[in-house]
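Okay, here we've got a single chain as structure tokens, the form predicted alone, with questions on binding and movement later.
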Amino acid sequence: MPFLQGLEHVVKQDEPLAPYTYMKIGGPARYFARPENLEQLRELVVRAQNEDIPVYVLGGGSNILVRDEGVDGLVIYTRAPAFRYVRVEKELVTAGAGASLWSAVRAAALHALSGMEVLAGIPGTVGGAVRMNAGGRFGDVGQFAHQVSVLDWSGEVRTLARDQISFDYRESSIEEPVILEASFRLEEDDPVAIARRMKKIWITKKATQPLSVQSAGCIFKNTRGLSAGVLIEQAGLKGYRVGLAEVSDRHANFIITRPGCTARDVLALIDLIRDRVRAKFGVELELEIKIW
């Protein structure tokens, strides 16, 4: 069976990926799919597995740098309504993988459930946040995860309990190609107190991160208990440019992409940052963003 047969209405070929990412750069996907339901998603994954076509799952695009050459594989975009729901039942918040992380955080706060407010201001979707254990100085996703539903390569839906998943710094042990939904167990609290904590976190982020310009999240992981942003700043690289890619002068672990910037510019700046930090501090910076 040809790969696209029967799925032509949900799959495009050579679709530009730049509009779907926070950096707004990068080349096209060989195949770009917008499944409308679980059955279509299952069929795409199984066919790609049978045809030996690499699969990439795209949510908010907030943690991805797409190379200028694009992606030679199948990119599955999980933002259809079927994957964007958020439900609250007692102390559990359950969200589809395509729901924004903010929508889950907000739902928890509106139902006087405490914990997830520490994730306020973190972009992206629930699926991506769980996959990489997104977080910041106030906490991370994994500490609230109760269970995660995934789709495996055979097209079977499996539910992973919390004790079946390891969450480490900006990564999880989930190996299945697609995360479908996640549930978070929270605690009841005073809604005014929750709102106050959320506001404080938002103010801190707005004051210290370049939220109003074109960029992804943090480029590098913190290492050895050291802030990557501080290391980059102390290496004298705040405001440094390669082409139209620039180290943010507000937070040195952010790279700003100006109109006309290419992935090549960003990759060259990443290499320069790594070289300077290695030479000055003997520290090898590890990427937090994913390069496709």
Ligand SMILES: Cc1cc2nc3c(=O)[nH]c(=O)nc-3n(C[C@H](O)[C@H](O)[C@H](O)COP(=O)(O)OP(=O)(O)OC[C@H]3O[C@@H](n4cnc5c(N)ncnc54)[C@H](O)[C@@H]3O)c2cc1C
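The first residue of the sequence shown is number 1, and the count goes up from there. Predicted, not measured: the structure shown is a model, and the values here were computed from it.
Here the subject shifts to the form predicted in complex with the named molecule, a form of this protein not shown in this document.
Chemist: To verify the annotation, which of these, Pro191, Gly135, Gly155, Gly73, has a non-hydrogen atom within 4.5 Å of the named molecule in the predicted complex?
Modeler: Result of the distance check: Gly135.
Chemist: Could you tell me which of 31 to 39, 260 to 268, 232 to 240, 53 to 61 sits within 4.5 Å of the named molecule in the predicted complex, going by non-hydrogen atoms?
Modeler: The contacting stretch is 53 to 61.
Chemist: Considering only heavy atoms, tell me if Gln209 and the named molecule come within 4.5 Å of each other in the predicted complex.
Modeler: Because a heavy atom of Gln209 falls inside 4.5 Å of the named molecule in the predicted complex, the answer is yes.
Chemist: Flag Phe281 as yes or no: does it have a non-hydrogen atom within 4.5 angstroms of any non-hydrogen atom of the named molecule in the predicted complex?
Modeler: Looking in the predicted complex, residue contacts with the named molecule do not include Phe281, since no heavy atom lies within 4.5 Å.
Chemist: May I ask you to state whether Gly124 is within 4.5 Å of the named molecule in the predicted complex, using heavy atom distances?
Modeler: Yes - in the predicted complex, heavy atoms of Gly124 and the named molecule come within 4.5 Å of each other.
Chemist: May I ask you to state whether Thr94 is within 4.5 Å of the named molecule in the predicted complex, using heavy atom distances?
Modeler: Looking in the predicted complex, residue contacts with the named molecule do not include Thr94, since no heavy atom lies within 4.5 Å.
Chemist: Within 253 to 292, which residues have a heavy atom closer than or equal to 4.5 Å from the named molecule in the predicted complex?
Modeler: Residues within 4.5 Å: Phe254, Glu288, Lys290, Trp292.
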